[in-house]
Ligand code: ATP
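Below you will find one chain, with nothing else, as structure tokens; this is the form predicted on its own, and questions on how it binds or moves follow later.
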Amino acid sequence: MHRLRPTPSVLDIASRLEQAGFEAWCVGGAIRDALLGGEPLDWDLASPATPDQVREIFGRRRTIPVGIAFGTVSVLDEAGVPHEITTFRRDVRTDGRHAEVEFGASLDDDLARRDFTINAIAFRPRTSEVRDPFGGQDDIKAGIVRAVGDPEQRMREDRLRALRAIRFAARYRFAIDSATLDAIRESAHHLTRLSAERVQQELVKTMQQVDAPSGALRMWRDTGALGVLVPSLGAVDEVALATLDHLARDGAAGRDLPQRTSNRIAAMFLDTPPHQVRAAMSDLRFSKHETNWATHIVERWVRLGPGIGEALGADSVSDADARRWLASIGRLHAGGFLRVADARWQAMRAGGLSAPSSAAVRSLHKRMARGLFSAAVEIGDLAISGDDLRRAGIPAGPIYAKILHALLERVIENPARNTPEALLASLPQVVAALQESPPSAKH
């Protein structure tokens, strides 16, 4: 048990509880992760002390009643970091989303209400005793996710446990016990009882925590959970799933880049019509920013992806092509788009399909990066504006937007044209061309 080394702050809090006459046990994910060789910083505690007693021991200024109804109080250490203390409890009743609990239970009662054996281990710092009534340590060694007690009962108590089991298995590369897996399959059609927010949070956690999330999403699909929760992804194919594994997760290699999670979410939907992407993400209560990001990436992939892939594969990309794609994708999304596209093309090659090489994508990325802030790729980058068109004698109206877009296209083709003199000199030709175009033409 040398791996179970709670932080000094947690040891101090546990000691204070013990001195007041209450057992203090470290429980939950920190125990699991420590036994797996990690060094968790977030240690939760369980104790027979009630929330009121905890607040009396540590004082009102150091405690936050984060979940009094469930027996949970956060205690602030000397650095102001919160640590949760929860009273031993047992479930009285549950509807699959919310549980009613009662206090006065024993530690074993408290562990018996937990989801999986790997999360039902307790460690008492004062005596170094480990309580493991359900064989969680053996399951950690064997690499198994197993429900505590009756798997079907555990799933009925909280439907989210089906998704949590899948995430743990994918995160730690564990297998799921057969009886637990059967209960997950049986639970799939009941997952509509979960709130959209809880499903979204579990999906995001999977993308954040799992190095290769294709395994988790494949299990969501194969158990029927994905079709129930995100119908537009119910038949997601293997190439789409493999794409996720070629996108690094947030925090990988010590790099905190939240956009990585956003890119993984977007990549899930590459084969989904953009309007369905927006609808699915809105249904899952994603933020407007996340929804817009994914929808934009998918829209550009549908519209530009095949052409870019073909040009990269034929090694026939001009500087003007790179600028035109940058203009269509947008400065803000260019990096994310190319990372997602590269991941998809890697997955395609791995599946025996033809796709551009990563070297070709990196080359394009460099060319786009060089023009990211120097090239004119937006109307606002032009050397003239609507005011200049008015001064040139062109009556104000919708034609202004058409003229500016036509001028931008000329500048993308040849950046040297982006001077007031050159643009104004080309106005007669541009206006004449627009007037000759049929009303339905797009410019």
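Note that the coordinates shown come from a computational prediction; the quantities given were computed from them, not determined experimentally. Residue numbers here begin at 1 and follow the sequence given.
Unshown form predicted together with this ligand; subsequent notes refer to it.
*Asks:* If the criterion is a non-hydrogen atom within 4.5 angstroms, does every one of Arg185, Arg218 and Trp220 touch this ligand in the predicted complex?
*Replies:* Contact check failed for every one of Arg185, Arg218 and Trp220.
*Asks:* Can you tell me whether Arg198 touches this ligand? I mean in the predicted complex, with a 4.5 angstroms heavy atom cut-off.
*Replies:* Because a heavy atom of Arg198 falls inside 4.5 Å of this ligand in the predicted complex, the answer is yes.
*Asks:* Would Arg171 sit within 4.5 Å of this ligand in the predicted complex, counting heavy atoms only?
*Replies:* Result yes; Arg171 sits at the interface with this ligand in the predicted complex.
*Asks:* Is there any non-hydrogen atom of Arg113 lying within 4.5 Å of this ligand in the predicted complex?
*Replies:* The answer is yes: Arg113 has a heavy atom within 4.5 Å of this ligand.
*Asks:* Evaluate Asp342 for contact with this ligand in the predicted complex, applying a 4.5 angstroms cut-off between non-hydrogen atoms, and reply yes or no.
*Replies:* Output for Asp342 is no: heavy atoms all beyond 4.5 Å of this ligand.
*Asks:* With this ligand left out of view, choose which of Ser214, Thr72, Asn119, Ser358 has a non-hydrogen atom within 4.5 angstroms of it in the predicted complex.
*Replies:* Looking at the other structure, the residue within range turns out to be Asn119.
*Asks:* Exactly one of Arg323, Arg300, His246, Arg161 has a non-hydrogen atom within 4.5 Å of this ligand in the predicted complex; which residue is it?
*Replies:* Selected residue: Arg161.
*Asks:* Exactly one stretch in 308-316, 204-212, 129-137, 229-237 has heavy atoms within 4.5 Å of this ligand in the predicted complex; which is it?
*Replies:* Only one stretch passes the 4.5 Å heavy-atom test: 204-212.
*Asks:* Considering only 10-32, what residues come within 4.5 Å of this ligand in the predicted complex, judged by heavy atoms?
*Replies:* Sequence-ordered list: Gly28, Gly29, Arg32.
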